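One chain is shown next in structure tokens, namely the form predicted alone.
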Amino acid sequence: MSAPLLTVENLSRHFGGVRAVNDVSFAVEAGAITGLIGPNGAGKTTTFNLISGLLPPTSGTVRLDGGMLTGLRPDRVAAQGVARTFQGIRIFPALTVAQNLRTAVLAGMRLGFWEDLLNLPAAQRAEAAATRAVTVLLCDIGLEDRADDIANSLSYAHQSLLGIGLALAVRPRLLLLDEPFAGMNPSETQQAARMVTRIRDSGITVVLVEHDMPAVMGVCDHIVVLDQGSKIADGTPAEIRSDRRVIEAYLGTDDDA
């Protein structure tokens, strides 16, 4: 088994008396797809926000490949190789699909102001590299036939795929996907699940938050389950499927009934 790429240790985030995330620890193996699941209000997106630097933790640490992420601004976390998507899709609605991806690719290259302004050889090389990268990304997300479409004209499912493409454009080591299958029909979900598997197979480690349990069980190598801010289970899909604590969290118990 490979060494963990992401290590979350005793992570907590309190909002007044509400413990949105409470002493959560788990590890994400390099080259795997890890699911972070749980009922509504379990603390999944808050955990993503803590990992990506959008929120500071009340306590605990997050490490990427041994290096500390805790305390870094979101842009510095991203610079370490962490990219993410959001429940609310974040794209450039007035640009075409290809222009969206090109903008993200060039932003990831961090081209100097004067190189760009004067169209120096470095800028020309970057433009050529961006063109090649956009072609690959369009194929990766299955939107090569929609390259010239305005992003705002796409279906919700295709906008979600484009959002994943924007995250991939910066060539991350760790990709955090927040409900990537939301709003998709079964056929679209299968397509997106195959895409996530291809992303994993390309060498990018994936952590996803998702409510579609069949999709989670089918695509994930490992699953972490949260309930009311705390971790209640951690294991393979087969182990999670038969875990009584997980069943109770999702379906309730006789006493609850």
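Predicted model only: the values in this text are computed from it and were never measured. Throughout, we count residues from 1 along the sequence that is shown.
One more form of this protein should be noted, the form predicted together with a small molecule, which is absent from this view; the next part is about it.
Participant: Hey, of 57-65, 215-223, 39-47, 193-201, which bit sits against the small molecule in the predicted bound form at 4.5 Å between non-hydrogen atoms?
Facilitator: Every other range fails; the passing one is 39-47.
Participant: At 4.5 Å between heavy atoms, is Q87 in contact with the small molecule in the predicted bound form?
Facilitator: Yes.
Participant: Heavy atom to heavy atom, is A238 within 4.5 Å of the small molecule in the predicted bound form?
Facilitator: Outside the cut-off, so no.
Participant: Verify the contact flag for V24: yes if a non-hydrogen atom of it lies within 4.5 Å of a non-hydrogen atom of the small molecule in the predicted bound form, no if not.
Facilitator: No, no contact at 4.5 Å.
Participant: Should A249 be classed as touching the small molecule in the predicted bound form when contacts are defined as heavy atoms within 4.5 Å?
Facilitator: Taking the distances in the predicted bound form, the answer for A249 is no, it never comes within 4.5 Å of the small molecule.
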